[in-house]
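Presented as structure tokens, the chain that follows is alone, the form predicted alone.
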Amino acid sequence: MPLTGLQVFKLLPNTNCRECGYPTCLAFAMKLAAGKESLEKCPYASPEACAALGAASAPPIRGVTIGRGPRAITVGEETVFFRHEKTFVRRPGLFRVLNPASDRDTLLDSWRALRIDRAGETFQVDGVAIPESPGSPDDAAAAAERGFPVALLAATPQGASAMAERIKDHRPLLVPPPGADLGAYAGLAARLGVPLVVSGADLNALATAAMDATRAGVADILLEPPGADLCGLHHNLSGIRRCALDRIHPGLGHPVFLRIAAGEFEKAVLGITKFASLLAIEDHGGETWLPLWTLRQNIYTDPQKPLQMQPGVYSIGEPDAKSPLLVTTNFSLTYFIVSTELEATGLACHLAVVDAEGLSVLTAWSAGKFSGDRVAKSLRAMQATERVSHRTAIIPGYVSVISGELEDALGDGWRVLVGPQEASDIAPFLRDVWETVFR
């Protein structure tokens, strides 16, 4: 369990030397216990204190890296049960199962090229799962050569060895069949230095299997939880996370692996929402990926940091110097709603996205981050004022109060039009007001 501030204080030298930057050792201890400082700042900490604090501050769920290179994925290292307690650290990896009967190279190339940008995040296939088959060693090599992290879905120790030996330098994940005898697979994983998935009929058996794998020399382990139905799986996923966070059993302090067969969309949703770290998803048509990526993004973001767009001037269509210039904040949801409404009008526009630290329009205004002076400085900094000849900016209707201040701050003949309060009214506003004024 994490140490309290007083427990940390007892491990410090209690000299109040202030060399750490704090007036007392107790103040420094409180920061250490909260995870906001490093023990390295204390020049007189004893080796015993370093060892004790290091063990107490280690994440209760071990981090495991699969693959090598820029697309390598790390899972685990979670510290909370509920997202709002702090944040989830690692989003789950979504691996696609390669159909042995498919046009392998064409499919892998299309997966590698697939990139979808949404709300500041890039959706892509995180890795490839290779089922054991006569050609699976070649399939695994082809996926690894394209930079994908690879999960080897073995059926036999011999097949596992053939696949793993072929790509051992790419650090694949070795996945035995559920309920298989662990010995041969653990020996292979330990010899090659690759991560291993272990399974068990219940949580006690699962924890025991993980400890057996550790004793066999396997350093990195993922847990495949039991669960005959979604209710049982939900119970076991929650139990693993709670036992890991409370350090009830060291065998459960590992990331979680789930197999998702074709048509098991509900199981994939459960895994993403309830603590699975890596999912091997069989979906030959590809229809489920966008909703699963979107679900993951909605959950695995820092609740203390709003989704933000990069500030700047975005072109809707092909605007010119006579096109309208609209202003909004860089809260992602606001941007997507406004830009979608603008695209629907068919009118080319400039959309100036002002840095408001990811806050919505009214929230940013009430926090002093969307004032007339601040908006004017942003428009100049992003050179929005140089993109139009009509010297007119359109602001959201809910912040009409800043119109006069913004006109004064822009100066040089600029005027401010107060737009509609709701994005759904943008089209009639541009038709009835903008085109009337600048026709």
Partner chain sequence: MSLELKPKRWAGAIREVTLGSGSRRPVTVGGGNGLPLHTFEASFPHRPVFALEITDVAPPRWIDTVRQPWNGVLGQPAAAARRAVDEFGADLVMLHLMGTHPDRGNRSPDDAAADVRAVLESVRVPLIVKGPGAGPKQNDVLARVAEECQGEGLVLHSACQEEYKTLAAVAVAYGHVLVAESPIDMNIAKQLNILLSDASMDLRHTLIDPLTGGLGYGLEYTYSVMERIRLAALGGDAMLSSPMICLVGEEAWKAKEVKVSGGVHWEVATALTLIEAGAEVLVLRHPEALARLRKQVDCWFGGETCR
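Positions refer to the first chain, counted from 1. Just so we're on the same page, rigid core means the largest C-alpha set that superposes within 1.5 Å between forms. This one's a predicted model, so the numbers in the text were calculated from it and none came from an experiment.
Another form, the form predicted in complex with the partner chain, is not on view; read the next lines as being about it.
Visitor: According to a 4.5 angstroms non-hydrogen atom cut-off, is residue 111 in contact with the partner chain in the predicted bound form?
Guide: Judged by the heavy-atom cut-off of 4.5 Å, residue 111 is well away from the partner chain in the predicted bound form.
Visitor: Any of the heavy atoms of residue 220 lying within 4.5 Å of the partner chain in the predicted bound form?
Guide: Contact with the partner chain, no.
Visitor: Does the partner chain get within 4.5 angstroms of any non-hydrogen atom of residue 339 in the predicted bound form?
Guide: Residue-level check for residue 339: yes, a contact with the partner chain.
Visitor: With a cut-off of 4.5 Å between heavy atoms, is residue 230 one of the residues that contacts the partner chain in the predicted bound form?
Guide: Residue 230 belongs to the contact set for the partner chain.
Visitor: Please determine, with the chain shown alone, which of 156-164, 236-244, 190-198, 125-133 has non-hydrogen atoms within 4.5 Å of the partner chain in the predicted bound form.
Guide: One stretch meets the cut-off, namely 236-244.
Visitor: Can you pick out, from 367, 261, 290, 101, the residue that has a heavy atom within 4.5 Å of the partner chain in the predicted bound form?
Guide: Among 367, 261, 290, 101, a heavy atom within 4.5 Å of the partner chain in the predicted bound form occurs only for 290.
Visitor: Give me the residue from 252, 353, 175, 150 that has a heavy atom within 4.5 Å of the partner chain in the predicted bound form.
Guide: Answer to the contact question: 252.
Visitor: Going by heavy atoms, what in 271-301 lies within 4.5 angstroms of the partner chain in the predicted bound form?
Guide: Contacts from 271-301: 273, 274, 287, 288, 290, 291, 294, 295, 298, 299, 301.
Visitor: Once you line up the core, how about residue 187: does its CA shift reach 2 Å between this form and the one not shown?
Guide: No, the C-alpha moves less than 2 Å.
Visitor: On a core-based superposition, does residue 315 travel 2 Å or more at its Cα between this form and the one not shown?
Guide: The answer is yes; the displacement is at least 2 Å.
Visitor: Taking the rigid core as reference, does the Cα of residue 256 move 2 Å or more between this form and the one not shown?
Guide: False for residue 256: its C-alpha shift is below 2 Å.
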